[in-house]
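Starting off, we have a lone chain in the form predicted alone, written out as C-alpha cells.
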C-alpha cells in the first residue's frame, strides 16, 4: 500500500482505460471500504449501482445522451458541435470497464416539518455521498486502478432511474468510471494555499 499522503497527492482523474475489467470481488472490496467515510448521523445515505452488463450500460448511456442532445438543441448549439459532444460523451462511458452509479437516499436521514431544515438535511446527505466517492477515488488509486467522477446523472436523474429500474427513493448523484489506467495525466496545478484559506487568530 503506497504512503497515504502520496496517494492523496498523486491521484488523477483517469478517463482512458485498458480493455480489461476488474474482478467483481475487488470492486466489492473497494466499495466496502467506502462505507467507512464520514457521513451525516451515520445514516449511510449512499447507495452504489455497479454496472458490469455491457447491454445495460449501452441502454443507459444512449438514453442519457438522447436527453443531453435535446438540451443542447434548446441551447442553440450547432448540429456539428452537438455530434462531437455526444460522441465524446458516449465514448468515455461506454469504454470504461466498470460504471458505478452513486445514489442518495433520504430514507434514514432526519426529517423536519420545515423546509429550511429539511433542505439542510438534504445537503448533508449529498455531502455524505460525496465523501464516499472521495474514498472510492483514493482507494482505486491506491490499488493501482484508475477512476473518474462525473456528475452527469444530476442532469438526467429520471432517465437513470427508469433505465436501471431504481427504487423511487434513490436520487442519482454521480457516475464513477473504473478500470486499469491507459494514460498518465500530468500533475495538476492547484491554487496556492493562501488563496483558499483564512486564518482567524
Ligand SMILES: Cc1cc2nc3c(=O)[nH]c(=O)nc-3n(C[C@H](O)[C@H](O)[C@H](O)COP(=O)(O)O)c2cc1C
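A quick note: this is a predicted structure, and the numbers were derived from the prediction, not measured. Positions refer to the first chain, counted from 1.
Keep in mind that the form predicted in complex with the named molecule is missing from the display, and what follows is about it.
- Heavy atoms within 4.5 Å of the named molecule in the predicted bound form are found in one stretch of 45-53, 162-170, 58-66, 141-149, which is 141-149.
- At the 4.5 Å threshold, heavy atoms of residue 12 reach the named molecule in the predicted bound form.
- The shortest heavy atom separation between residue 24 and the named molecule in the predicted bound form exceeds 4.5 Å.
- Among residues of the shown chain, residue 193 is not one whose heavy atoms approach the named molecule to within 4.5 Å in the predicted bound form.
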